[in-house]
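For reference, the chain that follows is the form predicted on its own, supplied as structure tokens.
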């Protein structure tokens, strides 16, 4: 039986935006999106957290081509703007046949094509359709179509749960089962590689120049050195981190993931589900595990 610890995951407010990347076919839309989301696992050092939200059929994209919806989260509006422009220019515009559009609207605009148009060296052309404006930037395979603005919205970062068990094989297997289920949900992303992180962090460090460091209470190799939260039979801990648009989205993702593990037949070696928190000092969004799955 898997024990659900009576604790909570602690998350914090972020700025977010949704982009839609399309291409000649699904393969190239996905390649552009994967490149766009590269090195975007944690705001600790990456500047933003980004991930593929969902694949989109041609019937659900602005230009009627296969596409991918991407969510991007940052701690400030300035950083979000910087990351969107740099990643769109270096990772999407460079990918064959792609176009990029805003996937949400709000009163808070973020320059997108409005900034990237200068790459056209004076040959760029703008076109308005209704209340939306687009830029046609000449490139070597034709034109790169880019919406004038992206839009900022509120988001939440740092939702999470921990999977504890006897060995890497069983814990990783459980995490993969959860991620597969959670990746089907809208309005959330799992920003770490494959949706799973082994180097869980805590706030602060003994080294003053670091804002975060290893969460030693959950490191099996340190059980005899520090005040550990692991028993003698726990030899592996993995974490799933969730960013989402609102609390309901993150709660839903956590619930789907945890229940998928609990209800999986034949899954052995997982003993406990816990969560990473800092006593409520990091952020105002607290996701109590027992309430989430009830």
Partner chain sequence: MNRITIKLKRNIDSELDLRNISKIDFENNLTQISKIKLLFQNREINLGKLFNLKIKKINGKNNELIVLNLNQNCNYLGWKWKKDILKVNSNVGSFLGAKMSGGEIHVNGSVKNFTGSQMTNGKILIKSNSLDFVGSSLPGNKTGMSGGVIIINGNTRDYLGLNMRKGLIFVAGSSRNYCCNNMIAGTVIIKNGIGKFFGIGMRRGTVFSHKKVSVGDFFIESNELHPIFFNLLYNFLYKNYGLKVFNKNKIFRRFFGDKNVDGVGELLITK
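Positions refer to the first chain, counted from 1. It should be emphasised that the depicted structure is a prediction, and the values quoted were computed from it without experimental measurement.
From this point on, the text means the form predicted together with its partner chain, which you will not see here.
Within this chain, residue 229 is remote from the site of its partner chain in the predicted complex, having no heavy atom within 4.5 Å.
Among heavy atoms of residue 122, some come within 4.5 Å of its partner chain in the predicted complex. Contact check for residue 57: every heavy atom lies farther than 4.5 Å from its partner chain in the predicted complex. Its partner chain is not drawn, but in the predicted complex it has no heavy atom within 4.5 Å of residue 162. Interface residue among 143, 176, 79, 108 relative to its partner chain in the predicted complex, by the heavy atom within 4.5 Å criterion: 143. Exactly one listed residue, out of 192, 218, 134, 151, brings a non-hydrogen atom to within 4.5 Å of its partner chain in the predicted complex: 134.
Here the chain stands by itself, but in the predicted complex one stretch of 25-33, 60-68, 232-240, 258-266, 60-68, has heavy atoms within 4.5 Å of its partner chain. In this stretch, 66-101, the one residue having a heavy atom within 4.5 Å of its partner chain in the predicted complex is 101; the partner itself is omitted from this view.
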